[in-house]
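Next comes just one chain, in structure tokens: the form predicted on its own.
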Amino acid sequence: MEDWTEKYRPKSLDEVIGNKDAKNILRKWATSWNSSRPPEKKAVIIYGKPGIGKTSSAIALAKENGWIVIEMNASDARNAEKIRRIATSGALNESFGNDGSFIPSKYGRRKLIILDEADNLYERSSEVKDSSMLDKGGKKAIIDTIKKTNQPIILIANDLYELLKGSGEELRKLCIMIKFDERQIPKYEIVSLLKKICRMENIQVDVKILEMVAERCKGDVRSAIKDLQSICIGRNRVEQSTIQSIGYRDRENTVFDVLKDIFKTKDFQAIKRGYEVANESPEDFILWVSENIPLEYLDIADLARAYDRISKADLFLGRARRKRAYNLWSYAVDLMSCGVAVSKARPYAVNVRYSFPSWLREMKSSKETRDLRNSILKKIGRFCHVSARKANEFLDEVRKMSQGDIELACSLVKKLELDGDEMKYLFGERAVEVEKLLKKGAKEDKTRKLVMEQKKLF
């Protein structure tokens, strides 16, 4: 099924819901490019939380004005060389349109350079030398491009501070700052959009459900559309009773949503909010994160940093468990979630199907065996007047001795009152032999008892 967020991506700024004032500023800036003289500030920074229409607005703006789009996102290598080759070249040179026609900039043909997730741009000296995936010099190359560009440029960021810090401070002077605020997206507009999608898909959905989806997304329109698609899959009609199934889906899938936030973004608020909704214990959640790190982080330096944060989180969990100081859990959760999120140089362009933790899977499959072992340990503990933990220290010796001595095995069955499954666990292949001897002994005891009773009669 086609992703509805792409299928119903706005084709004009008017179709982008909310943030009316921000869109007006953006449109006014674009209009100034269509005049004979370019504007004083040739670039715009659009910033705000994920899913509220930043990238959609930039693309819609280009469509409104008939501009060609050149886009670089966080999955691309954005070092100085790549930016000069792609963005700078596009910003300085004329080009042909998609239909092959050529119209110079002075006659209205423009190219919009979009640098998405610009706050994930890092100028760093990595442990991996000469890697084409380094962002070294990228921020400076962007600043140089903005200074001499002949074409409009839009930088998109979730975290404005992350973009402007360090060498990015100069961007403050060169760019117009436009904030997209989730509070500027009214709930009724989200409901209206969801209704429109339902009409286009020919699906009848109870308005109460649409209102609930709009309320829960907290301004994240992309999230609302994804939620709507998930509850409409395979249905032509969605009644209010489906709300229960939505709640079940959240409990079942939220952990995967949190993993996606950790591995694909650096939005601390979204990650923390997602973890709270996921309702996973820190001991289980660390297994989810550590299991999926190598699926996402392909750079050895990113991988090493992520597992370093996981190891520190595990130390806090151990201390919390030993000293019953559960206030340490918050430090562990921050390290295993936000700490792992900032370990990456950039999000990777890979679509990953996250794995269920293998340790939890093994524990689930071995639960029956563990329950059996624990039952035997309790019986040995009661007989020997020790704890089950102490009994566990010599259980293997008992198994070896009983498997080598059938009489001892039979004696253990009687004294510990072992059932058939416990016998198989303790004696292995010799359990059948022990069972036969016990049955034979039971018959002999019964015969002996009858003989004794007859003797008493005479």
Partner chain sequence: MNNIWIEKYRPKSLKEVVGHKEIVERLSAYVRARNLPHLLFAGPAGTGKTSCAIAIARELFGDTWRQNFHELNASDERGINVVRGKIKDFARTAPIGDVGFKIIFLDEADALTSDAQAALRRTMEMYSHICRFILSANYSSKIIEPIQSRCAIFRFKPLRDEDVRKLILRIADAENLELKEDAIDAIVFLSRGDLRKAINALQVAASVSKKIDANVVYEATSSVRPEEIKCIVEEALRGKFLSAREGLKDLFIKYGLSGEDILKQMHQVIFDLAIPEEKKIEMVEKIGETEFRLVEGGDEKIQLEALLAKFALIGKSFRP
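Basically, rigid core = biggest C-alpha set you can superpose within 1.5 Å across the two forms. Small disclaimer: the values here were computed from a predicted structure and weren't measured. Positions refer to the first chain, counted from 1.
If you look for the form predicted in complex with the partner chain, you will not find it shown, but the lines that follow are about it.
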Point to revise | Location of the partner chain contact in the model of the complex, chosen stretch of 64 to 72, 48 to 56, 26 to 34, 388 to 396 [non-hydrogen atom, 4.5 Å] | key: 388 to 396
Practice item. Can you work out whether the partner chain is within 4.5 angstroms of a heavy atom in all three of 199, 216 and 218 in the model of the complex? Key: no
**Study point:** Contact residue in the model of the complex, chosen from 206, 144, 291, 159 - any heavy atom within 4.5 Å of the partner chain
**Key:** 291
Check your understanding: Which one of 212, 176, 231, 295 is close to the partner chain in the model of the complex, taking close to mean a heavy atom within 4.5 Å?
Key -> 295
Check your understanding: Would residue 342 show up as a contact with the partner chain in the model of the complex if we use heavy atoms at 4.5 Å?
Key -> no
Practice item. With heavy atoms only and a cut-off of 4.5 Å, decide whether residue 311 touches the partner chain in the model of the complex. Key: yes
**Study point:** residue 404, heavy atom within 4.5 angstroms of the partner chain in the model of the complex
**Key:** yes
Review point. Might residue 299 be said to contact the partner chain in the model of the complex, defining contact as any heavy atom within 4.5 Å?
Key: yes
Revision key, fill the gap. Across 305 to 333, the residues having a non-hydrogen atom within 4.5 Å of the partner chain in the model of the complex turn out to be 307, 308, 310, 311, 312, 314, 315, 318, 319, 321, 322
Point to revise | Rigid core superposition, residue 180 Cα moves 2 angstroms or more between this form and the one not shown | key: no
Review point. Core-aligned, is the CA shift for residue 282 between this form and the one not shown 2 angstroms or more?
Key: yes
Check your understanding: Once everything's superposed on the core, is residue 425 shifted 2 Å or more at the Cα between this form and the one not shown?
Key -> yes
Exercise for review: Quick one: in the model of the complex, is the Cα gap between residue 298 and residue 50 smaller or bigger than here? Answer closer or farther; it shifts by 3 Å or more.
Suggested key: farther
Check your understanding: Do residue 289 and residue 162 have their C-alpha atoms closer or farther apart in the model of the complex than here, with the shift being 3 angstroms or more?
Key -> closer
